[in-house]
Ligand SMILES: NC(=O)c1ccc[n+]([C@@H]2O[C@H](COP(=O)([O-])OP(=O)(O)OC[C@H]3O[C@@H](n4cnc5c(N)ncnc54)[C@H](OP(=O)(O)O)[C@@H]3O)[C@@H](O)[C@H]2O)c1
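Take a look at this single chain, the form predicted alone, given in structure tokens.
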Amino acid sequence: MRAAVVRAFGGPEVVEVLDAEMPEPAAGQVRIKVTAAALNPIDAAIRSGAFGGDDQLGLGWDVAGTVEATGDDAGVWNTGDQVVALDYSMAKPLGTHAEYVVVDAESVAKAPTTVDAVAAATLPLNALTAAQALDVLELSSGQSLLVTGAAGALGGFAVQLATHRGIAVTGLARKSDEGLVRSLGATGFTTDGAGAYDAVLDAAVLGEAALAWVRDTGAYVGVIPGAEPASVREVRTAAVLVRPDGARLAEMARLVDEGVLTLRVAETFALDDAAKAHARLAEGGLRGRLVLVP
């Protein structure tokens, strides 16, 4: 099968698409024939060497496709099931940017039925991160939340999920994105964050600047473990480390079908053009995910 990997760190040009052995599912795993796989900033970070690693590193965390084979004890999954999954790892020889991927059965969920696989591939990583970050904040209906980077994929899901929970959401983004952020459900909008909120979900990784907008004894959650600012004014600070969760992902898929979550695709690229997709990601200005199609 074909797979996108890096064997040296650097810019988009180091991404290679090469032939690899077909992965075989072990007990508790399934093999998915990849229909589409999103490209995320974490892939660019891995490519550039931000997390280190040796030899060959596979790329891709999100996948939408068809169950093609199962190992023993694979639970409810059967050949032909249309699914989505998060394949989490900073250092794996093969990722979801491939023709096939093996993942733990517990990380798999039925795909949304109201969108195609290209759109569905943008769901797992960012929706799970947003949901798990909101869990850390422990906000109640009526409390206030500032979401930084509210126009991005992660921030957009956070706005929609928080609004769905009855939380009063203000989105921080560029002025040109105000219409988009409000369309996602934010009742407030800011370009500078000024104010005092019960909590901040810092999708834009602003750190101490975002912490300053949390009221005393409030809460801050970041999205890079270890990079969250130190607590001040009795503000609780934490960072979410996303984890695969098939049951939670199934909930996210249902919210897509119910119209609560919006999936945004910026462009699609063939798997063989993975390096071009990385170059496009590096250009910035995207309001949706790039998606690779084998």
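Just so you know, these numbers come straight off a predicted model, no measurement behind them. All residue numbers refer to positions in the sequence shown, first residue = 1.
Missing here is the form predicted together with the ligand; even so, the following discussion is about that form.
In the predicted bound form, does every one of Arg174, Ile224 and Arg289 come within 4.5 Å of the ligand, counting any heavy atom?
Yes, each of Arg174, Ile224 and Arg289 comes within 4.5 Å of the ligand in the predicted bound form.
Given that the partner is absent here, state which listed stretch (68-76, 166-174, 97-105, 134-142) has heavy atoms within 4.5 Å of the ligand in the predicted bound form.
Selected range: 166-174.
Closest heavy atom of Pro41 to the ligand in the predicted bound form, within 4.5 Å or not?
Residue-level check for Pro41: yes, a contact with the ligand.
Interface membership of Ala203, the ligand in the predicted bound form, 4.5 Å heavy atom rule:
Although the ligand is absent here, Ala203 would touch it in the predicted bound form, with heavy atoms inside 4.5 Å.
Spell out, yes or no, whether the shortest heavy atom distance between Ala247 and the ligand in the predicted bound form is within 4.5 Å.
The answer is no: Ala247 has no heavy atom within 4.5 Å of the ligand.
How about Gln160: is it within 4.5 Å of the ligand in the predicted bound form, going by heavy atoms?
Flag for Gln160 set to no.
Heavy atom within 4.5 Å of the ligand in the predicted bound form: which of Val34, Met252, Val240, Leu263 fits that? Just give me the one.
Among Val34, Met252, Val240, Leu263, a heavy atom within 4.5 Å of the ligand in the predicted bound form occurs only for Val240.
Considering the ligand in the predicted bound form, which of Ala117, Leu184, Leu211, Ala153 comes within 4.5 Å of it through any heavy atom?
Of the listed residues, the single hit is Ala153.
If we check the ligand in the predicted bound form, which of the residues in 114-152 reach within 4.5 angstroms of it by a non-hydrogen atom?
Result: Leu125, Asn126, Thr129, Gly149, Ala151, Gly152.
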